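Only one chain is shown below, in C-alpha cells, and it's the form predicted on its own.
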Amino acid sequence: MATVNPGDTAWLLSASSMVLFMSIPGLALFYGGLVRSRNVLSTMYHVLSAFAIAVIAWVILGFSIAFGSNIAGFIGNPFQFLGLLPSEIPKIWPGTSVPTLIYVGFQGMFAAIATAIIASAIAERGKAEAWMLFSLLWVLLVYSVIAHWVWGGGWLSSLHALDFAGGMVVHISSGFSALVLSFIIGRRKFIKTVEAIPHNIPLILIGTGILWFGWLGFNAGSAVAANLDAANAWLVTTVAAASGALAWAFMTKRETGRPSTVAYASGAVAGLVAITPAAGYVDVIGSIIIGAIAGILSYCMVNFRIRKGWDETLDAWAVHGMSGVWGSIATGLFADPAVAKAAGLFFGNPYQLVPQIVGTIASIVYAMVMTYIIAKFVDAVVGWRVPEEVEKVGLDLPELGEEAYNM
C-alpha cells in the first residue's frame, strides 16, 4: 500500500509555492515593467486576475478534464474529480508518494501561470471583464485538454511524447494563443511602434529573478519527488537560463554595439522556456546548447514580429511560443539515456523526434483554433477593447481608479 513520503511531500509543497511566486509577483512585475507607466497596474491586474480564475477553475473542473480517466485519448472524465470531493479522490496520487491535494495544487500552478502568460496579447487595450471570461474558458478548453494529451494518459502520452514540465502544455499553448488573441483584439491605437516600451527596467529585472527562482520549482518539482531527476532538472534549468541570457545579450550587442539588461532578462526567460520540456531528460552540455539557441531564436522572432507590425505586445509568442517549440523538438535531439529512460537523435534514437514534432504541431493547431473560437465568443458577449479615450490616457486610472506613481 502506498504511503506518503514526508521528504517528497515537503519538496512538492515548496515547489508549488515557488511556482505561485513566479506569477504573483514574478510575472506581474516582469510584464508591468515592460509597459508604459500609465498601464502598469492594469497589466499586473491581468496577471493576478487570470491566476485567480485559473486556480478556481482548475480545482473545480480543470484537474478532472486533465487527469480524469481517459475518454478516447482526448480528455479526461470531467466528473471524476469534480470539485475535489474528499470521498471521490484518492488520498495519495497514483504513481507518487505525495498527497493528491498537493499534486492537484502543483499542477494548478502550471495551469494558472500558463493562462496569465497570455495577458501579453491584451496589454494597454483590453477590458478586464473580457479577459477574465477568456481566462476561465481558456484554462478549461485549451490548457486542461492539452495537459490530458501529454500528462493525463491521452493520445500524445501513448505516442511517448516527452514533455517533462510543460513545453507543449504550458509554453506552446500560451504563446501561440497569445498571438491569435493579439490578431483578434487588434493593435494599440496610440503608439508609433509595436515594440514594447519599458517604463521601469528594475521591475523587469526583479520579475526575471523571481521567475528564475520559481522556475527551479517549476521544473525540478515536476519530478514529483526529491530525487535524482529533480537534481538534474534544477541544474540544467539554471544552466539553460544563463546560456539564454548571455546569447540574447550578445545578439543585442552585435546589433547595437551595447548589451542590455532587458536583453539579458528576455534571454534568461527564453532559456528557461526551452529547457522546460527537456529538464528531466538532458544533460548539462545539452542544456547549454538548448538555452543558447533559445536566446538567439527568440531574439530573432521578436525582431520578426516587430517588422511584421504584429502587436503581440509583451512577446509571449516570440519567447514562450517559439522557445517552447525549440525546446520540445530539442528534447527529441538531446534526450540522454544516462539521465533518464529516454534517448533522442544524438543518442541513437531518431524516432523520438516523431512524437515531439507531432505533439508540437498538434498543440499549436489546437491552441490557435480554440483560442480563436473563445476570443470571438468573448468579443461577441463582452467586447475586447476599452474605449479609445481610455486607451489614450492609459487604463490604470479609468479602469482601476489607481495610479502606480503618485507624483
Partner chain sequence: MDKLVIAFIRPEKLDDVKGELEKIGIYPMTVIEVKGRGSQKGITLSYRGIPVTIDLIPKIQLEIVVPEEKVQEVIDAITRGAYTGNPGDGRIIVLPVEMNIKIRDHYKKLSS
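Note that the coordinates shown come from a computational prediction; the quantities given were computed from them, not determined experimentally. Numbering follows the first chain given and starts at 1.
Not on display, but discussed next: the form predicted in complex with the partner chain.
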Report whether the minimum heavy atom distance between residue 195 and the partner chain in the model of the complex is within 4.5 Å. no
Residue contact check: residue 256 to the partner chain in the model of the complex, 4.5 Å heavy atom: yes
Though only this chain appears here, would residue 127 touch the partner chain in the model of the complex if you measure heavy atom gaps against 4.5 Å? yes
Heavy atoms within 4.5 Å of the partner chain in the model of the complex: which stretch in 157 to 165, 133 to 141, 258 to 266, 301 to 309 meets that? 258 to 266
Sequence-ordered list of residues in 371 to 398 near the partner chain in the model of the complex, where near means a heavy atom within 4.5 Å: 386, 387, 389, 390, 392, 393, 397, 398
